[in-house]
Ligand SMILES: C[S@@+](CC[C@H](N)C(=O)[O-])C[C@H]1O[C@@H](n2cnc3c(N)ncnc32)[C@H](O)[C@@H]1O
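This document starts with one chain, in the form predicted on its own, laid out as C-alpha cells.
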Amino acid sequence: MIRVAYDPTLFQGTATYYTSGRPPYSRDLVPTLAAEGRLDGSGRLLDVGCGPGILSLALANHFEEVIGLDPDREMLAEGARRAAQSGLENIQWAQGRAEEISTLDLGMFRMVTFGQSFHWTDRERVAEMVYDRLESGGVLAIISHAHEGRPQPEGPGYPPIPHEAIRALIERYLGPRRRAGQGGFAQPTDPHEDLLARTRFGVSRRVFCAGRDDIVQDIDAVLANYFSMSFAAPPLFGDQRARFEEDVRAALTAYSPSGLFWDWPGDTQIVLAGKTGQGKRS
C-alpha cells in the first residue's frame, strides 16, 4: 500500500457507516458504464476516491484488474474487507490523493471513475493527470446522485427522510459553516462539463440512469447516512454525539412512528469524457 500525507480527520470514523447508510446507485449504472466503455473483461480500472469500494466492487468483473485509490486508510481497509467477503481477488488498494496520480506508479487504465469524489479534487489539474493515465479510447466517468430537476417517482408509501430537519440539528450542534475535517468545504460552482472543456478532454456529455425508487431506510440507516458524510462525521460532535443522536432519533420518530423512511437519492448522473488522442494540450 502506498502511503502519503493526508488530513486524517476528513472522513475519520465514517467508513463503517458508508456502505450501510449511503443509498445505492441506479441498477442501470454498471450496464451503462459497460456499454459506454465497451467493457469486455479486459483492461484495468482506476477508481479514484474509492471510499469503501462501492464502484470498485460493482465493476470488478468487467476488468482484469481494479485499483481503488483513496487517501483514507479506514476506507481502504473497509474496501479490502468487503472485497474479500465477496471473493473478489482482482482489486488492489492504494493510499493516495487524486492530485498524486501522476507520481504514483499506477500504470495505464481503460476507465477511470470518480464516485461522488471529483468535487473534492483540484479538478482541472486532476483531469489532466487522468488524461495521461488513460489508454487511447479510454473513458473518464464522474458519477453522482442527481436530485434537483429530476422527475421524482412515486415512493413505496413511507414518508421521505426529513433532510431539512436533520441538517438543522447538525447546524445547531456544529454551527452554520459546513465542516470538513479540520477545515470547511464549498462545492464548486461550475459544472464538471465546463471544467473538462478547459482540459484535453474537451467535450463531455451527461447521461442519466433512473434512480432506485424502492429504497426504504430505518432510523439506524438514516443516521448511518449522515455519519458517513464529512460534514457530519462522528468525531466532529465530540462529547455531544450521544445527545445529537438522541435528538435525531426523536425527530425521525416524530416524522414516522414506524421508524421507516423512503430514501430517493435521485437519478444517477454520469459525466463521460473520452481520450481521443487529439487533446487540446501537448
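As the structure is a prediction and not an experimental result, all values here were calculated from the model. All residue numbers are counted from 1 along the displayed sequence.
The following text describes the form predicted in complex with the ligand, which does not appear among the structures shown.
When you look in the predicted bound form, the only residue of F261, W264, Y25, Y17 with a non-hydrogen atom within 4.5 Å of the ligand is Y25. With the partner omitted from this view, the residue of E124, E99, D194, D132 that lies near the ligand in the predicted bound form is E99 [heavy atom within 4.5 Å]. The ligand in the predicted bound form is not approached by G79, whose heavy atoms all lie more than 4.5 angstroms from it.
Under a 4.5 angstroms non-hydrogen atom cutoff, the ligand in the predicted bound form has P71 among its neighbouring residues. For V66, no non-hydrogen atom is located within 4.5 Å of the ligand in the predicted bound form, even though that partner is not displayed.
Shown alone here, W120 lies within 4.5 Å of the ligand in the predicted bound form, counting heavy atoms only. Heavy atoms within 4.5 Å of the ligand in the predicted bound form map, among the stretches 202-210, 134-142, 109-117, 166-174, onto 109-117 alone.
Annotation for 73-94: the only interface residue with the ligand in the predicted bound form is M75 [heavy atom within 4.5 Å].
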